[in-house]
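This document starts with one chain, in the form predicted on its own, laid out as structure tokens.
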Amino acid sequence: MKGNGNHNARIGVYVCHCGTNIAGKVDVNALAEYAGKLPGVIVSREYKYMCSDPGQELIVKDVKDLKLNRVVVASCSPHLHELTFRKTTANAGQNPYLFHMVNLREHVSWVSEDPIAATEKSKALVKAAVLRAVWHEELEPRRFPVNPNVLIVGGGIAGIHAALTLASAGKQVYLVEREPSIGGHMAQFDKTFPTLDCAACILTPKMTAVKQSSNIHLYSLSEVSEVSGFVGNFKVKVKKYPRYIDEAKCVGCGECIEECVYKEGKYPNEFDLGLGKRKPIYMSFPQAVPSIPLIDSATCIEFKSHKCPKGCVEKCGDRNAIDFTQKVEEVELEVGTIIMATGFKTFDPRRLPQYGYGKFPNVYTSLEIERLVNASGPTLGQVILRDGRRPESIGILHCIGSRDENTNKYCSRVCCMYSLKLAHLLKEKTGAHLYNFYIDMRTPGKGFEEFYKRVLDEGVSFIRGKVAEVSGWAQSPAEEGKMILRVEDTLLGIIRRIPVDMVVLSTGLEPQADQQEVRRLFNLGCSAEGWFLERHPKLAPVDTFTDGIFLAGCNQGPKDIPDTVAQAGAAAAQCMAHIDKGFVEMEPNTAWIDEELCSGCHVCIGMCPYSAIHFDTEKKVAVLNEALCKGCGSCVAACPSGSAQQNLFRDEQLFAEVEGVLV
């Protein structure tokens, strides 16, 4: 499969001003004039906005009138507009892969200071493109059918909303959640800002709807262990951990919990962040879905000594739902699209020991306060300190693990607002004097500023300054038995010492601890901070660079509940677009292997990150599966025999491009 090139090429070159983005540094008139003199160029034009309708119509007219068979557009990033101009040339009756694009904006004008040098560099790049275009070949995108089933990884509010959206459209959804119940962090909240709606009142109906939907197949206590395939045809293995209770037989009566040999809770309840206790057999919280208990094999006497009287088994009776012999199961699923809704974790304030978390018993994280003020929490909504007192003064410290050069430089977006919410709730429940220590108050959402004003009017004190440390060093009788907050009040310009009974650390949001492992499993990109990387921050905020996998919620970056729900809906819409179309078109820039040249060295097999190449033991050559190939070019670059080649990146095309730049 050697390309011969089209030496009768009739090429049209179009140079874009891009307003002043390009024309401010590059002499576009001189560039268009230069391009018109290059071999094979029939017409060369400059236009202010080539991506506009008039600019595209100009190309279509020239292709038809001048019988052009190649088009080169010199404008901005191909990442933004290559598809635009390919569609334009296709509308003119030309194969879209005979088009080539030159990036004058990001590669020249935006990185150049000298207009003369910028123009000369632009000439070299345009010449390279013209010489390369001669060797372009007609290619056709590949079509593959789309499996209509959808996998959603993560059962927080993002995963729940996406699942319900898809299920209501008649799609089959597999919802995988590694916790015993869906609900995520929102299930732990008491109220939501700025309206102070009950979080459970909003969330529970949606959780119940998941349980009742015949189109949603819920796998709780489960994790994805393997992913293979490609957009439209993913094969996924899910590891389902034992609950030791048969979900098909259990009716969720909870009598087994009452009959446990432990009459009171003994072990820290993970859902309450250790503030409450649970038994070895328990439900995470009253509204849990599935509403089925879980037996913790690490604390259950039956697993440790086999000497438990097993009152839970007797109470279950004929239902026989308790099964101590359950093992880890592996389920294989076939889906066409995947939504990642794996959520976030909160910053661990132990990394900042100056704030006393873990040292002083009455220093709490914001999420722990959510459980304390919750009516179904460990204290039934009563705010009682670990030493049994009711607080009379409380300090809320903003930006713990956010906007900090030593931890996370980014703003976590929700901390200011949930700090205001907690200030209101703590004031309401305790009557204590509240202090909010903030760097900047950020209230940009709908109703946020009004809520801030409401909390101000309630008598909460706001001190602009970051607390330097939390200590127990009393300097006066009034400070005895209290924690001392030392802070610079930047509005007054003084250092203050403020004694309080309780400290609340408003911890920021971070990527999940296993985000990197999950990234590799699903072949996703991550930002420098560790969040999953979207295809484009503005134009494709839910897409990823792996076709068919979409993002929803805080695994892509910190956001509040409304933004999370909106993104989940957008991800669901993207899945439906694939499903309803029925097929996906994939770029033809795949690799291929010339079996006559292949030496069977296996180098390409190890290099392929998509497992698209296998070894044919009969022919003794490498064989490539085009459906799995993503066109990364790793095998082409590594092949010692030159048998691996790639469409759109043929040797002849690359050599011609290099010649254009250098000669």
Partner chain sequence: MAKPKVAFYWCARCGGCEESVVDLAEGVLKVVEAVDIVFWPVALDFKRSDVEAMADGEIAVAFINGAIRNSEQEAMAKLLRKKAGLVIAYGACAYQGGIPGLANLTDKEAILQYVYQQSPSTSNGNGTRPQPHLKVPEGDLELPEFYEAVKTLDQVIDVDYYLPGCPPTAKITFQAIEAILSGKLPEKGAVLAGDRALCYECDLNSTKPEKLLVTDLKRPHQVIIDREKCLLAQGILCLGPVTRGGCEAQCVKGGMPCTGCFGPLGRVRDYGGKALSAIASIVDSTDEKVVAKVFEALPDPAGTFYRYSVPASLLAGKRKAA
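Positions refer to the first chain, counted from 1. Since we're looking at a predicted model, the values are computed, not measured.
There is another form of this protein, the form predicted in complex with the partner chain, and it is not shown here; the text below is about that form.
Segment assignment from 43-51, 29-37, 56-64, 596-604: heavy atom within 4.5 Å of the partner chain in the model of the complex: Partner-contacting stretch among the options: 596-604.
Even though the partner chain is not shown here, does Gly642 get within 4.5 Å of it in the model of the complex, heavy atoms only? It does: once the partner chain is placed as it appears in the model of the complex, Gly642 has a heavy atom within 4.5 Å of it.
Does any part of Leu68 reach within 4.5 Å of the partner chain in the model of the complex? Heavy atoms only, please. No, no contact at 4.5 Å.
In the model of the complex, does Val636 have a heavy atom within 4.5 Å of the partner chain? Yes.
According to a 4.5 angstroms non-hydrogen atom cut-off, is Val621 in contact with the partner chain in the model of the complex? Although the partner chain is absent here, Val621 would touch it in the model of the complex, with heavy atoms inside 4.5 Å.
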